[in-house]
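Below sits a lone chain in structure tokens, taken as the form predicted alone.
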Amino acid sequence: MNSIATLVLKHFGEKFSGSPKLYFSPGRINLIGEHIDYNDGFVMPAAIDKGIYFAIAENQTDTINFYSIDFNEHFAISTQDIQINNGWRNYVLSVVNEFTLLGISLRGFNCVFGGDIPQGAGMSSSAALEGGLAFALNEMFTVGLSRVDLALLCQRAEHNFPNVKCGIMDQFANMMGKSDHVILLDCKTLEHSYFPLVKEGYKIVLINSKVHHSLAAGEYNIRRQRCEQGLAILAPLLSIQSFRDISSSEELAIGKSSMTIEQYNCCKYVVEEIGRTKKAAKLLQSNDMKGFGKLMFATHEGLSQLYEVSCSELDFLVDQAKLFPAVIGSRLMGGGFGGCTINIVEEAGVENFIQQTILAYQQQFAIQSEAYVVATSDGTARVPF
């Protein structure tokens, strides 16, 4: 059994009585389509083999007990007293609250969780925290929600107590992931298809800048607001309802004089990224990984120059990646302002790329970065033991 799973079960046995059930809730990567899920676009995420393990069992009381191994924090609350708190508590409490809003009365339970997703690295630890708890509660209390229902519940949970107005991508990938595949997700209709991630000879390498961000600090919501404001201006001018209805940057330029430069640049990035993601799906179908990689570099440029969610550390890591012929694509991944870059690297060059990049980054910023070679995974599920 995975060492983290063993640790979670050990802590549960030390802190609580009863026989828990064990669940694994994965983090996610997103190959392309960043900041597009809340703009009704297309994204291409995959669940990964890093995530959070949960041990959970009813306790025959009206008290909910949480213990976070990673934070070494215990928290208890009555089922009748669920309200906004702070930090990681907001995410789990908001999930419980969403069940309550559906008219479902949850009984008391004990829950221990811990994982190997680095905090603030852009692998969506928040969706893994929400998804694992929601899936377990849905099963434990025989609620009967589907995986898509649970993804939507977790999205609402992140909107509510944590006040992060995220799109559906992270939660959808967490619930609907499929090993050895990426998901092409239409974030407006939730229609989706799976594409085999044909990567023979390639590895997915994440470089953690170790620069931490907090989406709840407001920058994420500011970008979303700019897009909403821009779309409100464009809709009557172009007779459209969504950014996906805009066919080109030239068409978008009709509304430029009516927008601030920040609004226009955000809208321009969104329109271009929707186009890149559609093209990326075709390239995957034809197994053109190098063409796919070029689109990743273009996405990073847009995220840095137009959407303005990069930072000097992430720009350095992507510029560094361009120096290695083995790296066919690189960009920042996640909300931005820190976290990881995602790189597609020829297998033979992985070790050299990691070593040289970590060294160069250390010399430039005096920060010890970390590298993770990740694989795709199935979505949240119970783990037999």
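The structure presented is a predicted model; accordingly, all values stated were derived computationally and were not measured. The numbering used is simple: start at 1 and walk along the sequence shown.
Just so it is clear, the following notes concern the form predicted together with alpha-D-galactopyranose, a form of the same protein that is not shown.
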Which single stretch, out of 339-347, 60-68, 35-43, 352-360, brings residue heavy atoms within 4.5 Å of alpha-D-galactopyranose in the predicted complex? 35-43
L129: heavy atom within 4.5 Å of alpha-D-galactopyranose in the predicted complex? no
Going by a heavy atom distance of 4.5 Å, is G167 a contact of alpha-D-galactopyranose in the predicted complex? yes
Quick one: does Y220 come within 4.5 Å of alpha-D-galactopyranose in the predicted complex, counting heavy atoms only? yes
Wondering, does G329 line up within 4.5 Å of alpha-D-galactopyranose in the predicted complex on heavy atoms? no
At 4.5 Å, heavy atom to heavy atom, what parts of 317-336 sit next to alpha-D-galactopyranose in the predicted complex? List them in sequence order, or say none. G334, G335
